[in-house]
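Here you get one chain, nothing else, as structure tokens; it is the form predicted on its own.
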Amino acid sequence: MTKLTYPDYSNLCGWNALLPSRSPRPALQEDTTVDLAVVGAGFTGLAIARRFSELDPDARVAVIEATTVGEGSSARNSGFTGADVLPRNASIEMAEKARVQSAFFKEAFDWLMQIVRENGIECDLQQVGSIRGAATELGEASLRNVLEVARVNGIAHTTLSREDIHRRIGSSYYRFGIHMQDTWLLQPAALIRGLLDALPAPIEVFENTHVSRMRKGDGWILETPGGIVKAKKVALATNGFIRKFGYLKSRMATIYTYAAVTEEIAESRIHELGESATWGLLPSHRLGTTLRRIGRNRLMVRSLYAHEAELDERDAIGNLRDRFERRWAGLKDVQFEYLWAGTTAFTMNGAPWWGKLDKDLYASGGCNGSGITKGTMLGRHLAELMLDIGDHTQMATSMGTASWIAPEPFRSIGFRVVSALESRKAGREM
């Protein structure tokens, strides 16, 4: 049996379930020949297809998606985006690198926002900023380093006390925070669905079409259940699942993370969600818990990490309940309505892999949990690289490249050891 070249999720995406249903594009049902085949219809894949078509309008471009758009990994993120690069482990020595990266992110973000505006994409896009929150002394120390980088790079921000955060989100769990003003919150499933619908007409999209095998021929030959795709060029935009095609096996691993959204909370209790109508909170530690207020009367909690496979659903629910109830003890009776997993590609040094894999074969992967603007930026540049347009040296240098990662079984053992150590270090940030 062919190994899956995409994540086969147990649960439907809650973001997608909150939207009206849509009819997917038809699956591939016959052989076809194209100039470019893009495998994966996430933020990176759609950026590649759009930019390639913009630069070569006569090219025949096909996007091949194994599942349905809105159920893939891009729709399963937390919905934070923006142009400023400010990693959790920021240090003053990293300020210049972050500044250079931010310039590339801004270019891609502005392009993305132009697409959203020109096509009237409704994705609950709001520039309300985000909170970086610390529940521990160690977490606060980390955030104060981030604060210094924000000051040096001129990133608009406000420091928050425990009382400030409590007032905004209805929880007194966090002792210190930073409000970063240039952050946008959005509905990720609505955005990716909107970007798909906004693709230029010459681009074909085949959903529910998984590529079971890829081989060299006259160009590249992609085998699917419904037909063969012959392509002059191929771009792999399946993140950690690029490895399933035999590439980058020693550069990245697939990590599953979990999110849950509550049922609608009674109007009489809305005040317990904080006075800010829309807010999002990112943790000070990479294994910490991300929080959001969804619409008027729901809360989202995102946490947990599993290596290469989903957790037992009961364990996922139990752990997310613990995180939720520690922050809002007064809402213990509020139930989760949606629970889902999402994958991200983890690399040892936090850098993506981007560029040319083979003759006329390109890839971008290793988002490390930051996919909307980063994926858009990397996809846009990859399309230009394929058409030999522009110099991408500075961008590639600033982003770095994914370093070597140990093979199995050492990879799984290492993940368990590092996770245990980092979990102990994170403590109440989880």
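Note that the structure is a prediction, hence the values are computed from the model and not measured. Heads up: residue numbers just count along the shown sequence, starting at 1.
Another form, the form predicted together with a small molecule, is not on view; read the next lines as being about it.
Contact with the small molecule in the predicted complex, defined as a heavy atom within 4.5 Å, holds for exactly one of Gly288, Gly342, Pro352, Gly139, namely Gly342. The single contact residue among Phe241, Phe324, Trp279, Phe104, judged by any heavy atom lying within 4.5 Å of the small molecule in the predicted complex, is Phe241. Remark: of stretches 23-31, 50-58, 401-409, 64-72, the one touching the small molecule in the predicted complex is 64-72 (heavy atom within 4.5 Å). For the chain shown alone, Ala237 is a contact residue for the small molecule in the predicted complex, at least one non-hydrogen atom being within 4.5 angstroms. Among residues of the shown chain, Arg298 is not one whose heavy atoms approach the small molecule to within 4.5 Å in the predicted complex.
In the predicted complex, at least one heavy atom of Val211 sits within 4.5 Å of the small molecule. The small molecule in the predicted complex is not approached by His179, whose heavy atoms all lie more than 4.5 angstroms from it. Although the partner is absent from the chain shown here, Ala41, Gly79 and Ile372 each have a heavy atom within 4.5 Å of the small molecule in the predicted complex.
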